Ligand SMILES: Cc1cc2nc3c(=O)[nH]c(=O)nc-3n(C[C@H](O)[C@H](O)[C@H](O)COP(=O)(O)OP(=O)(O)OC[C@H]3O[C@@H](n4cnc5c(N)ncnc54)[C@H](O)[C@@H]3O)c2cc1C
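We begin with a single chain expressed as structure tokens, specifically the form predicted alone.
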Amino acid sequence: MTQDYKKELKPAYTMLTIMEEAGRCLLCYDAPCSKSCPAGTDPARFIRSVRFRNFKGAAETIRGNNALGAVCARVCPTENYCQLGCSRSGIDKPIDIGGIQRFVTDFEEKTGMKILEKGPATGKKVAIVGGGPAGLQAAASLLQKGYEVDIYEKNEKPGGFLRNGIPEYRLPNHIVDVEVERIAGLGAKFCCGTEVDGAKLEELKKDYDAVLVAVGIGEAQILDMFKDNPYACPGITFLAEVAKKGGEIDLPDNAVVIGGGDTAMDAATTLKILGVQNVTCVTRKELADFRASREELETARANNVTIIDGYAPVEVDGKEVKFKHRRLKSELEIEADLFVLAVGQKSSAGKLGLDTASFEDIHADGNVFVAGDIVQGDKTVVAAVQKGKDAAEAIDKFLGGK
């Protein structure tokens, strides 16, 4: 291992540098950054608090709107949301909103703040299937409204994609643990190692006043031409294996990542951090239409990942893959010892007897609700947080809450 897989690549602000960054904020009236946050975290308000060194007030603003504030501070593609409308962009560059949020939530943890409180008991119980970001946020919101909440998670620990799909150099497991512990402190009960199928879902529907399905789209997909190829594996499978073993896995000297989204960039950068000498990312998308966030792309490039855009695989023979350009009359052949395919994921909702198509509405049927990536909309952590909040509101209304 050439680098510490568990060490965050992006340095944190110090007390001096955080004040310098917050001091750049123009304190806009009716701030566009706050309007652009899917989770309603209100960056303008918490940055203003930081300007006056009111870090507790800043933490209260973040936590009051986002139970996963420390997670989103690290993994939210802010350039597509709050920073996109930052007025400072017209002068030099947008405020580093994610970096400021990270400083505040780190300060919150170090000083032992306890901001969220459980609401007066309603006497009603809600089951949540899936302990990913949408399920965790929904649990926090429902607990604050006074509901009992049990979370059924198939893995040994809750967190879902946060723990198994995002590398620790971006999101340390310690941060996920702290967020989960905070929600457990509100009274959430975690039933880990519990797989929920259609029959189990029917039991939950009878035993609980409402059930929220937040299973995400965590099932791997692989191109047909790579099926049964011993040198190929799905991107999320690779990242989950790295996470499970803490980066201590055997890898070849040459690897190719196929895909151009965030998972592809995570896989490629992870391979380089773990010491793979030659890592090439080949994507059908051209750079102008890249799906990965700018930060993810820049991180991959900074770690010397070779990126070839505009090519799609057309023929596979063991370790050799032929690619053709999508528009130009051009072909290339690459031989590698490992091919990581980051070509999409699918939902496991079908195993629960639910329609596997993307849900348009949070209320599925009867007392069953859905949230997270299986609901139409953006497939980001911050979008999952908002969907979790929306689901909690819908459940509260369904059960007679105010």
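All of these numbers come straight from a predicted model, not from anything done at the bench. Just count from 1 along the sequence shown to find any residue number.
The form predicted together with this ligand exists for this protein as well; it is not shown, and the discussion that follows is about that form.
In the predicted bound form, none of the heavy atoms of residue 260 sits within 4.5 Å of a heavy atom of this ligand.
Taking the partner from the other structure, this ligand in the predicted bound form has a heavy atom within 4.5 Å of a heavy atom of residue 153. In the predicted bound form, this ligand sits beyond 4.5 Å of every heavy atom of residue 73. Remark: residue 380 counts among the residues lining this ligand in the predicted bound form, judged by a heavy atom distance of 4.5 Å or less. Proximity of 38, 80 and 310 to this ligand in the predicted bound form is absent: no residue of the three has a non-hydrogen atom within 4.5 angstroms. Comment: this ligand is not present in this chain, but in the predicted bound form one of 345, 65, 367, 49 has a heavy atom within 4.5 Å of it, namely 345. Of the candidate stretches 174 to 182, 101 to 109, 261 to 269, 248 to 256, only 261 to 269 has residues whose heavy atoms lie within 4.5 Å of this ligand in the predicted bound form. Contacts to this ligand in the predicted bound form (heavy atom within 4.5 Å) from stretch 128 to 156: 129, 130, 131, 132, 133, 134, 135, 152, 153, 154, 155.
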